[in-house]
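This document opens with one chain alone, in structure tokens, the form predicted alone.
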Amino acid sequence: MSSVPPAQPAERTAHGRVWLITGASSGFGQAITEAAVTAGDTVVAAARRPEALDALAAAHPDRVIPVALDVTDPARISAVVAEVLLWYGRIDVLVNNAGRGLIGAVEESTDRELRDLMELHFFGPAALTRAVLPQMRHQGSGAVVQMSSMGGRFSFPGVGAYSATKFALEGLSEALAQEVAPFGIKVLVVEPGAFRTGFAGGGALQQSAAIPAYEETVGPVRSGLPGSDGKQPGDPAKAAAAILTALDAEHTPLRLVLGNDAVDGILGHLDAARAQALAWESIGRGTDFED
């Protein structure tokens, strides 16, 4: 479908919360859609190829509404949000989930690759967030879920471009959370590790043209990440359940780390960052003007 289908007036708010989820046809997006419907909510499930959601929509008539959306198209973003508000009167939860991976050393990554990934992971979610906020502020409630990654908290060889986009999204979201809290709006940044989604498989994972000099540092990622497809330890259904639990909590965290690998990696990174800051504390504190 290219637009949100008309609903009968009695149906517009008949089923709990109304969600708008991008990248809903697979992976985390599909898992969150299924969890939300199971919880009694209605999901406008956005995807570039919404026909991939036909089976799920058929299983949940008037509860899963597929809609075509490329999050890099600002005009389409405005149209979809306007249509959802027209037919359902509200958007209670926005999930910015659409995304893909890119492997390449910083020197290997082209300007076009960097810009395209930033459009998908940063400018698109920013535009969708801005589009839903006026209505959320008006109703005095709502939630914005930003699907980031453990790579949004720390980075490593071969994923610099990907991490840069997630770092940007997390910085925006940290400020956003403080700005919208007085209006009763929650912001949840989700930082998963390796989950059994389609992220690393098929044509979903793109790779920059290789420079032989980086074989030692980036080569293992080039082979290892695609090789992990279907073997990742994380269960997307459990991730979706954790996200709903966090949203329903009285004190929703700003960041939700999912997966043992992500928890271990982020805690280790935080410990190392603190140790380095303390090691150089005296130098840092010595750079102010003398009174």
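Numbers for residues come from their place in the sequence shown, where the first is 1. For clarity, every value in this text was computed on a predicted model and none was experimentally measured.
There is another form of the same protein, the form predicted together with a small molecule; it is not shown, and what comes next is about it.
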| property | result |
| --- | --- |
| Contact residue in the predicted bound form, from G124, G99, G104, G142 (heavy atom within 4.5 Å of the small molecule) | G99 |
| Interface residue in the predicted bound form among T129, T197, S163, S109, criterion: non-hydrogen atom within 4.5 angstroms of the small molecule | T197 |
| Stretch in contact in the predicted bound form with the small molecule, which is absent here, among 208 to 216, 175 to 183, 143 to 151, 129 to 137 (heavy atoms within 4.5 Å) | 143 to 151 |
| Distance check, G27 to the small molecule in the predicted bound form, heavy atom within 4.5 Å | yes |
| Proximity of R49 to the small molecule in the predicted bound form, heavy atoms at 4.5 Å | yes |
| Heavy atom of G158 within 4.5 Å of the small molecule in the predicted bound form | no |
| Residue contact check: S78 to the small molecule in the predicted bound form, 4.5 Å heavy atom | no |
